Structures are given as structure tokens and as C-alpha cells.
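Listed next as C-alpha cells is one chain, alone, in the form predicted alone.
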Amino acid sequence: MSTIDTMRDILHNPERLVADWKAQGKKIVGYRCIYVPEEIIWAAGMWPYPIFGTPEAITQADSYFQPCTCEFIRNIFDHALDGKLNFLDGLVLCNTCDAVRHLYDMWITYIKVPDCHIINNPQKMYDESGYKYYCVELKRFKSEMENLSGNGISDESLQSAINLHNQTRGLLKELYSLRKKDPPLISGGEALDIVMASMLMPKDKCNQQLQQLIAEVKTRESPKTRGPRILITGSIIDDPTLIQLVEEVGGVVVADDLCTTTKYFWQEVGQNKDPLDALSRYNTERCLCSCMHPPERRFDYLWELIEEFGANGVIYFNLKYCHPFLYEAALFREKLAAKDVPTLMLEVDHSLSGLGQLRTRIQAFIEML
């Protein structure tokens, strides 16, 4: 399928897109977290660029972070120290966990990217005082992006950016609806690549690709292989290897609750006369991350996915030292057991070491199902 190949090529080789964007005299702002309002960056005429990790071994970053720090964060900082992120004109992080807050401190101390910002998003959802605080934070962030870009952000440009990104979300959700079939028309590994490419690409180009892709997937012949329908959740996964591992041993990954998949696009920004207020409501009313409270909201969302996609079992892939998701996994395993949903908890390295042992445990789980 040529469109999937095109999107994968962009995901793994974004240098050409970066060069074209820079040649127009435009800036690129990196970000790390689904709670960063990329619409504000886009409305300022800049490209919001998600920062993913790689399975490469960590080298220099281990001299700056304690070894019990999230390996994903150390991996990102390693790339920054190597100069692989020098094309960025700024970086935006969110107040989601201790590791990210420490990354912000280390970044502004040692990395020569011109601007680094952190958004103090409240962790208590559906709280009016938190919402008011977050409104002030987004106004501050909007001003910072205007200063960085040299462009003003009008209500019209921000609303246009919201509409564009909502279109991306809607197209991704339409694509994911094709995974409800038995067997699904796209694999879990393909879905991860597609969403990550969609996160990376400028949305005007992305939406064209997604429309073509949906049309192509609908013409696919239904796969002949069948197996237990699996939902994957847990810490960030930015490499399809773990998902492909589940599929190689007979599981059919029909849904994924990850920062690089459904958490990114499952809800849309609501319509509001004040687009900044709409973004504030959006990010304080979607409980998608384990750092957000109350956890019951997040479990309700997870359970809706399980029912909607007809999952027979759940696999948690939790990065070592990713404490928010490690704490959540134990709570949710009990809740899922009460609903007779088999669950497998696996602690994994971001470098994907120990795949042999993981394969054995996953295979046993799939055979049990």
C-alpha cells in the first residue's frame, strides 16, 4: 500500500520535510506530551514536532540522570546532547511527571535550543479552579509562541488550527473503526506507524494522506488469520516491535491506549466562541494519562475501548521507572479482573532488550486466551 509506505518513510526519514520547512524561513517547535496544545504552535505559523525516542543505547545522558530515571527521557536527552535535535527552534514540555520536570531543568542548563517552555497543566480533572489556572497558563504559552514566531495569534487563526487538527483526529478515528472488524483490516504495528506519522506531519499534508489511506484500507481483503483480540495499554510505545511481537505469536491487536495512538486523537476540541477556552476545557476534561486524577475517569475510558473493539484480553507494556503507569497498572488489573478481562503486566526497557523472555510470556498469555 503506497500511502502507508509514504507515511512510514516520512516517519523514519523526516529530514526532507524539515529542510523544506526551514527553507521557507519557518520555525519548528518540538514537544513531548499529548497535553501540549499544538494548535497554538500551528496558529503561530510554526510546526509542532513531536519528539520520539529510539531503541539506541543511551550513552552521554547517563552522566546527567540517575539510572532510575525513565529510560525514555534519558534517550531523548541523549539525542539532544548528540546534536540530533539542533534543528528545533524551541521545545515545549508539560508538567506530567518528575522525570519530565527534571528533563526541563537539564535541558535549559545544557542544551542550546533557543527556547524551552513547560506548561503547568493541572492534574485534577473537572476542577473549576484547575481550569481557571490552566486558562492563565495557556494565555502565557500563547504569548510565548507569539514572541518566538514573531507572529500574532488571532482567534480566527487559532480556530482554524483547531478545525484542522480536529479533522486529523476524525480521520484517525475513522481509520481505527476499521479495526473493529474480525479480523481487523489493519494490524497493530501498522496503526502505530500511521498515528506516529500523523503526529509528525504538518496537518494539512497529513489529512490528505489519511484520506487516501482510508480509501485504500477499505479495499483490502480481510485477513485470514484469527486469534484473541488484544488491547495494548501502558507507557509510551514509539516502536512497533512490541506490538508486532504480540501479533507474531497469534494475538490480534485491535486497539491501543497509548500516548502515540488513541490518547492523541480520541476526543476532539469542542466548538466555543473563545478558542483558547475550548482548548482549556479540552485538556482539563480528558482523563487519558495516568498522571491525571481521578483515576476512575481513565478506567472508564479504557473500559469503553475494550467494549467498543471487542478485546478479549489486555496487555500492559510499562517502561521501567515509569512510576505513574506502574502504579496505575496494579489498580486497573484488579478492576479488569472483576470484569473477567484477562490481563498481562510486563515491565519493559525502552531499548527493547529481553525480547526473548517477553515473547515467551506473551505467547503463554495468548495460548491461555
Partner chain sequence: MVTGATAPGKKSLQTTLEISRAVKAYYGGVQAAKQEGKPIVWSYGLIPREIFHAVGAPVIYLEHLPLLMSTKQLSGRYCQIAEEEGFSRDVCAFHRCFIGCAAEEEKHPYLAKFWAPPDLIVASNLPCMSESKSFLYAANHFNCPYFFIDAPINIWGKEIPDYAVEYYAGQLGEALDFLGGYGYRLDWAKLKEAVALSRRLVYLWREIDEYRKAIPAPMGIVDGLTCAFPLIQLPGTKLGVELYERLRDEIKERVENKIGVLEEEKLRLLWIGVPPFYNMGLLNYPEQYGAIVVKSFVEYLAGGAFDPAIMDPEKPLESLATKALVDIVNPTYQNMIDFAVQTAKDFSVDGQIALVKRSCGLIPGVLRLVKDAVYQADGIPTTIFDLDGMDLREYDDAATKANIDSFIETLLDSKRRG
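Bear in mind that the values here come from a model prediction, so they are computed numbers and not experimental data. Residue numbers count along the first chain shown, from 1.
The protein also exists as the form predicted in complex with its partner chain; that form is not presented, and the subsequent description refers to it.
Chemist: Quick check on this chain: which one of His79, Arg101, Lys142, Arg281 has a heavy atom within 4.5 Å of its partner chain in the predicted complex?
Modeler: Exactly one listed residue reaches within 4.5 Å, namely Arg101.
Chemist: Which one, Arg226, Lys124, Lys181, Arg220, lies within 4.5 Å of its partner chain in the predicted complex by heavy atoms?
Modeler: None of the others qualify; the residue that does is Lys124.
Chemist: Considering non-hydrogen atoms and a 4.5 Å limit, does its partner chain approach Phe299 in the predicted complex?
Modeler: Because no heavy atom of Phe299 falls inside 4.5 Å of its partner chain in the predicted complex, the answer is no.
Chemist: Is Glu137 close enough to its partner chain in the predicted complex to count, meaning some heavy atom within 4.5 Å?
Modeler: The answer is yes: Glu137 has a heavy atom within 4.5 Å of its partner chain.
Chemist: Give a yes or no for Met292: in the predicted complex, does one of its heavy atoms lie within 4.5 Å of a heavy atom belonging to its partner chain?
Modeler: Looking in the predicted complex, residue contacts with its partner chain include Met292, since a heavy atom lies within 4.5 Å.
Chemist: Do Asp105 and its partner chain share at least one heavy atom pair within 4.5 Å in the predicted complex?
Modeler: Taking the distances in the predicted complex, the answer for Asp105 is yes, it comes within 4.5 Å of its partner chain.
Chemist: Where, among 235-243, 259-267, 207-215, 88-96, do residues come within 4.5 Å of its partner chain in the predicted complex by heavy atom distance?
Modeler: So the stretch in question is 88-96.
Chemist: Can you list, in sequence order, the residues from 331-356 that come within 4.5 Å of its partner chain in the predicted complex, counting heavy atoms only?
Modeler: The stretch 331-356, when checked against its partner chain in the predicted complex, contributes Leu331, Arg333, Glu334, Glu347 at the 4.5 Å heavy-atom cut-off.
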